[in-house]
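What follows is a single chain, given as structure tokens, in the form predicted on its own.
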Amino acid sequence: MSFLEIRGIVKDFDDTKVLQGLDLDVEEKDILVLLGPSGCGKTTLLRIIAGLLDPDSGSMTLDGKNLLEVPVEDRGIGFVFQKYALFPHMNVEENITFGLKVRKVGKDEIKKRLDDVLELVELKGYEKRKVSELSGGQQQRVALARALIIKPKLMLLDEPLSNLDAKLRTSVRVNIVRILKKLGITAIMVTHDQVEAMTMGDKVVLMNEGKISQEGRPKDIYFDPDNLFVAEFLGSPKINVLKVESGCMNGINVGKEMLSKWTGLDERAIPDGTFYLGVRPEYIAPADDGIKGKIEHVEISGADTNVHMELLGSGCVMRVSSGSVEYSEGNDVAVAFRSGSCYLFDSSGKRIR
């Protein structure tokens, strides 16, 4: 039995189907990330786990107990909200210890836990500060400390980094993972940011329209997507997708022999009819005898350069090292796909190769 088991969870809001019979397992001490576009149901699921919403049907067990029969205050769940939900009239110490005081924990135990958690989130010396006097990163750590001090069985984090600037996000996400791993706390985090999901999660669950599109280790779902939605959602720049209809791309006849040469696939593996060919920008490289394209835009992003081009009548991006070759807009370029790097999807978007 998994630490948290979710079976057949359904949730509708009026005529809108938000969660459609969702099943999920969370292993103890793992950080699981719910990833997906806005409206896919990930925050709704988080709130059902916390007890802030009731499902229409389904079951949940946490550490072997029926979670739906346990009152919210007894679930042993810590929650870090997107907007932190700190009390502006209280100082740091009062905010962090509020939950323990509500639970009637003794003063000596509160002091001990406060000292421990302040050291953990590196806020020693800030106890008497008003939260309005803190930076965004410090407020985020106060919210994290308030959830940690109750010694939760499960930690829920709803887009905890969304209010931080890009530079601060990197250091804060490292600290969150460090703290959760040090304490051995099982956690579920919601985000729409693929970088956060891929760098923080032991397991990523990619959701779409109230269902799970794919779940697994970050590396696995990136390199082995089940469908076109997953392939396009993960990766920056996003995967290049070329539509093939009866052997033609945008009216250009390519044929199986040519596709086999470009992709490294056996001709017998290339389907008839309509399908999609996907290749990630990092798996496209210059080649003297490659496919001819025309450079439309050159985007330098530090160590990498994204070369946007028109290829076979479609827009396509090649990612190369910034120090490799000089590329200029308007120039022709010949490229090749790395052998074995192409994905094939059928007309419905299901992975076939």
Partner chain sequence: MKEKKLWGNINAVVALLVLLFMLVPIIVIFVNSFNSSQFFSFPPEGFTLKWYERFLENREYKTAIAVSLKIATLSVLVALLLGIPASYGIYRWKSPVSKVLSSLFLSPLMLPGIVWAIGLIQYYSIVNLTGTTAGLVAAHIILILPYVIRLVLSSLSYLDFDTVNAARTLGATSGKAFLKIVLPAIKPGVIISAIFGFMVSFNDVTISTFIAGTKNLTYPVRMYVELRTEGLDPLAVAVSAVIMAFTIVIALLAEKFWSWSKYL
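Small disclaimer: the values here were computed from a predicted structure and weren't measured. Residue numbers count along the first chain shown, from 1.
As for the form predicted together with the partner chain, it is not shown, yet the points below apply to it.
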Can you work out which of M90, L228, I185, V177 has a heavy atom no more than 4.5 Å from the partner chain in the predicted bound form?
M90
Looking at P218, P281, G99, G235, which has any heavy atom no more than 4.5 Å from the partner chain in the predicted bound form?
G99
Closest heavy atom of D115 to the partner chain in the predicted bound form, within 4.5 Å or not?
no
Hey, in the predicted bound form, is A287 touching the partner chain, heavy atoms inside 4.5 Å?
no
Decide whether Y276 counts as a contact residue for the partner chain in the predicted bound form under a heavy atom distance cut-off of 4.5 Å.
no
So, E245 and the partner chain: in the predicted bound form, are they within 4.5 Å at any heavy atom pair?
no
Is the partner chain close enough to R7, V18 and V33 in the predicted bound form that each of the three has a heavy atom within 4.5 Å of it?
no
I need the one stretch from 194 to 202, 70 to 78, 106 to 114, 169 to 177 whose residues put non-hydrogen atoms within 4.5 angstroms of the partner chain in the predicted bound form.
70 to 78
Across 142 to 176, which residues bring a heavy atom to within 4.5 Å of the partner chain in the predicted bound form?
R146, A147, I150
